[in-house]
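Quick setup: one chain, the form predicted on its own, written in C-alpha cells, and binding and motion questions come after.
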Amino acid sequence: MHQEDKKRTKGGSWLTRGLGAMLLMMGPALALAQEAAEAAPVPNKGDTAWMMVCTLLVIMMAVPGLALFYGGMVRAKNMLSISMQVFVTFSLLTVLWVVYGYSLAFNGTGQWIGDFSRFLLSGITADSNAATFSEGVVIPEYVFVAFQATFAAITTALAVGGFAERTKFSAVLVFAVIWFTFSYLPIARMVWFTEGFLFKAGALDYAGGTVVHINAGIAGLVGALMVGKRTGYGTVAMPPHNVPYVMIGAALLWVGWFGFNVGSGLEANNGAGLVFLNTFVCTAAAVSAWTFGEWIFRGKPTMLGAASGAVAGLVAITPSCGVLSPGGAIILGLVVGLICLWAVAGLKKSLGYDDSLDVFGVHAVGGIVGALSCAILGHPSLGGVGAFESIGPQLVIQAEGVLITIVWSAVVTAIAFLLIKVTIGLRPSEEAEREGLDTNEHGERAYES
C-alpha cells in the first residue's frame, strides 16, 4: 500500500470514528425530537368539519331563526325593527369578538378577565390549535374562535327581545357594545376558561345556561324596566302579528341548537351522541308540557305556547346536556315547560313588567332551572353522568354561579342603560312608537298594504 493510501485510510478511519461518536451523542436528542414531533397533536379532519358545521348551525339560529321568532311575535309595524336589531347586533359583535373579545375571554391569566395579547387574533395562525376536553385532541384555533364568536353574538341578540318595540336602534347598538364588553366577556371567562373563577370552583355549564341564557334574560328584564312599558301596554291588545313566523323561527332554533349544544364538546365523539339525544328529547318534552299545561290552565293550546315551550326546553338543557341521562332530560323538559309557562303567564302578569318577548320568563327562568338541574338530575344516583360526589355541595356551586351571573348582568345592564339615557336617549318619540319603528327608524315597511 502506498504511503498516501495509508494516510487516506488512517484519516478516513478517524473521520468515521468521529462521526460515529457524534451520532451516538446526538442519538438520544434526535430520538426525543422525533418522539415529540410524533406526539404533537394534529386536528382530526372529522372534528374540524363537525365544528365548522356547528358554527354554521348557530349562525342559522340567529339569522334567520331568532329574527323570525322575534319578528313574528312583535306587531307588524315593528317587524323590520326587531329583525334589524338581531341581524346587525349579531354582525357587530362578531367583529368585536375578533378584535378584542376572544383575547379578553380566553387568554391571559386572570380569573375574571383576560388581556389583549390576542388583539385582532395576534399570534394565531392556520397552524395554531385549541385544546378540547380530551387529552391530545385539538381543533384549529381559528375554528374555535369562530364557534365561540357565534355564542357571544347571539347572546346579546337574545337580550334585545326584552325591550323590543320601544327602543331606538342607536341605543340598542350602544347597549350591545357595552354589555358584550362588561357582562358577556367576564362571565364567559369565569365559567368556561380553565382559570376562570367559576370554572375552578367546579360550576357546570356545558353550553351556556349561565353565560348565555341567564345573562341575556336578566339583561332583557332590567332593560325592560329601565326603558319602560310600551305605549298602550295593558290597555291595547298587542298580539303577535305572524304566528307561523314564530313557529318557523322556533323550528330553526331547535335545529340550530344541536350545533350550540353538541358543538360545545368540541369533538364528534361518543359523548356528542348523549348531548344530541338529550337536546332532542328535552325540547320535545317541554313542548308537550307547555301545550298540555296551557290547555288545562288556560283553556286552549296555542301555537305560540308550543313554540315558547320548545325554546324553554332548549334553554334548560343547554347547561346540563352533558351530564343528564335521556330520562333525566325528559323530566327536565316536563318541569321547565310548566315553570316557564307560569313565569310567562302568571309571574309576568302579577308583577306587571313589560318584557316584550318573554326573554326573562323563558331564558332567565329556564336557564336557572337548567343550571340547578345539573346538580340534581346529573347525579349518578338519579341516572346522570356528572363527575361529582354529592348533590348538596354541587347544588351550592351551581346556585353560586346563578347568583353571580344575575347580579353581574343586572349591574352592567343598569349602568349601560343609565349612560345611554343621559346621552343619546333610550326611546323614540311617542308618535314614532305609535306609528312603528320600521318606518321611523329604518324608512322601510315589512309589508305593503
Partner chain sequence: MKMITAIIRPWKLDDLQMAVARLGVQGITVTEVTGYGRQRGHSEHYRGSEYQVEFVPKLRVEIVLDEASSEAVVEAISNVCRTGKTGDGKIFLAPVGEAVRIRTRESGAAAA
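Since the model is a prediction, treat every value here as computed from it, not as a measurement. Positions refer to the first chain, counted from 1.
Below: the form predicted in complex with the partner chain, not depicted.
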Answer option from 308, 167, 320, 215, heavy atom within 4.5 Å of the partner chain in the predicted complex
308
Can you pick out, from 369, 152, 344, 225, the residue that has a heavy atom within 4.5 Å of the partner chain in the predicted complex?
344
Heavy atoms within 4.5 Å of the partner chain in the predicted complex: which stretch among 300 to 308, 374 to 382, 110 to 118, 187 to 195?
300 to 308
Would residue 427 sit within 4.5 Å of the partner chain in the predicted complex, counting heavy atoms only?
no
May I ask you to state whether residue 233 is within 4.5 Å of the partner chain in the predicted complex, using heavy atom distances?
yes
Decide whether residue 240 counts as a contact residue for the partner chain in the predicted complex under a heavy atom distance cut-off of 4.5 Å.
yes
Just to confirm, residue 211 within 4.5 Å of the partner chain in the predicted complex by heavy atoms?
no
Looking at the partner chain in the predicted complex, is some heavy atom of each of 69, 348 and 362 within 4.5 Å of it?
yes
Residues in 356 to 391 close to the partner chain in the predicted complex, defined by a heavy atom within 4.5 Å, in order
357, 358, 362
